[in-house]
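First comes one chain, alone, set out as structure tokens in the form predicted alone.
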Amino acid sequence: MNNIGINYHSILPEAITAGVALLIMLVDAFMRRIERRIAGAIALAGLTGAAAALYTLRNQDGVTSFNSMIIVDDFRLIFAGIFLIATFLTVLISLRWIEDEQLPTGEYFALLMFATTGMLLMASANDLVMIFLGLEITSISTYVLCGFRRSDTRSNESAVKYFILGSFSTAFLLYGIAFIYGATYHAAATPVATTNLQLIKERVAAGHLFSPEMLFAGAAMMLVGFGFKVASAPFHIWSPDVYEGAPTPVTAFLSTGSKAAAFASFARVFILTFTATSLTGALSDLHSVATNTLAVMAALTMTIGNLVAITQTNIKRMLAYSSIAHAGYVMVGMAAADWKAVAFYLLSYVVINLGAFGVIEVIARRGDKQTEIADYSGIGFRSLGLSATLSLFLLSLAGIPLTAGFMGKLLVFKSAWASGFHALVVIAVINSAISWYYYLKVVVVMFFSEPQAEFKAPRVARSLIAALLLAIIGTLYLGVLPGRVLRALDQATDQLKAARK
């Protein structure tokens, strides 16, 4: 591992997104008359620049900088790319929405870019402190975004609940970091205690710890913190209320980019660090305890998410429980430690779910007034384009063949079966079958229910059309022709597989 002191190239994507956020704030302050037309364009240009900067880091595997707090590896590049795609689609979905809602445009796009900066830092972090900093940058930005519609009591309630429960989970995460820092104390080591993930991995492998029990306690506390961020059971209670009350584009962002960022840190700590090498002595059971815990949480998360989603009458709340279920599917891949399947699943989910929320946003109209499933009665042939598009995304989430959702589930389930988690795969397949009920319910309501006389097909902005077309292409491409993406992920994950041996 190369330890380069200060290497600004290694944080260029994060610097671009943060710089663009500041630029948007300046535009908002000094060019208020035209900023609504250009703030979104600046954000899109910044995301494109960050993607280009990320591409320049592709041949620097294992290089660290800033006292080994930042790392450039394939893991980072994979997840950072997913984050940028999520934010890019969110900006496209939001361009017309933010103007129709007459909300502060500059502040909105600046917060999105700051949240993306935190997400990128979470993927690049090689230190527990850096993970915490990235997590808090993202969390604070999303707290504000949830309450961005300040005159809406539902939005205010969403922000308050998210802030209170988020602060509670952050406390667990910090206590866990403190315990792990204390557990890594070793008199012969330099430094004597550390939060650096590479050093923690080496000391865990060698058994050079002050207290294995303290390490277990710290890992358990961090599991609670990460479990909240990815909305896994039993730490999922915040997400339905927050997702329902937050503005629809913000809900889309929370359920995709923010969740993928939390999974990135979750995976780097629990899979690439704690269980990456052979263990001995008091730590010999750490690998089995960690993987079995993930498997139990995956089963619980899938089951609760799908069963409760069946009873929902609000489509945003239904998709909130659906998001919980999909977090369970991702954790199936984590338990099996197949990073190709996990990365592919998250990429597929980001594209599909953002597309679905894009349709929901335009049908909901200003103020999210039409988000009940009953509001979709009979709109299928009155707004055929939107209805067919939403049906495609819902069926993909259910796992219909020839779509990204099917291919993602197939890869995750296949990996878990090969790793010996047979019971978990059976539970996952049953849950996937259960999910067909509530996804198809929306399709049936749209095309086979009595139409609402007052419904009028909404006008769809060009930016939203572009977002939906990109989501449709991604959904079908990843489902029909996934070979090129899978080969790229195979090549990119070789280093991660080697790191676990």
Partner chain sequence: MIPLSWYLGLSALLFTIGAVGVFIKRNAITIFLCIELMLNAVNLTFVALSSYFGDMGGQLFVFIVMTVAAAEAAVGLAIIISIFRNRESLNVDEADSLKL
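For clarity, every value in this text was computed on a predicted model and none was experimentally measured. Numbering follows the first chain given and starts at 1.
There is also a form predicted in complex with the partner chain; it is not shown, and the following applies to it.
Checked against the partner chain in the model of the complex, the residues W97, Y185, W417, F406 give one hit for a heavy atom within 4.5 Å, which is Y185. For the options A205, A374, L307, A178, the one in contact with the partner chain in the model of the complex, meaning a heavy atom within 4.5 Å, is A178. Judged by heavy atoms within 4.5 Å of the partner chain in the model of the complex, the contact stretch among the candidates 89-97, 257-265, 240-248, 388-396 is 240-248. Among residues of the shown chain, Y321 is one whose heavy atoms approach the partner chain to within 4.5 Å in the model of the complex. By the criterion of a heavy atom within 4.5 Å, E101 is excluded from the residues contacting the partner chain in the model of the complex. In the model of the complex, at least one heavy atom of L174 sits within 4.5 Å of the partner chain. Among residues of the shown chain, P234 is not one whose heavy atoms approach the partner chain to within 4.5 Å in the model of the complex. Every residue in the set R150, E157 and S167 has a non-hydrogen atom no more than 4.5 Å from the partner chain in the model of the complex.
Annotation for 303-338: interface residues with the partner chain in the model of the complex are Q312, R317, Y321 [heavy atom within 4.5 Å].
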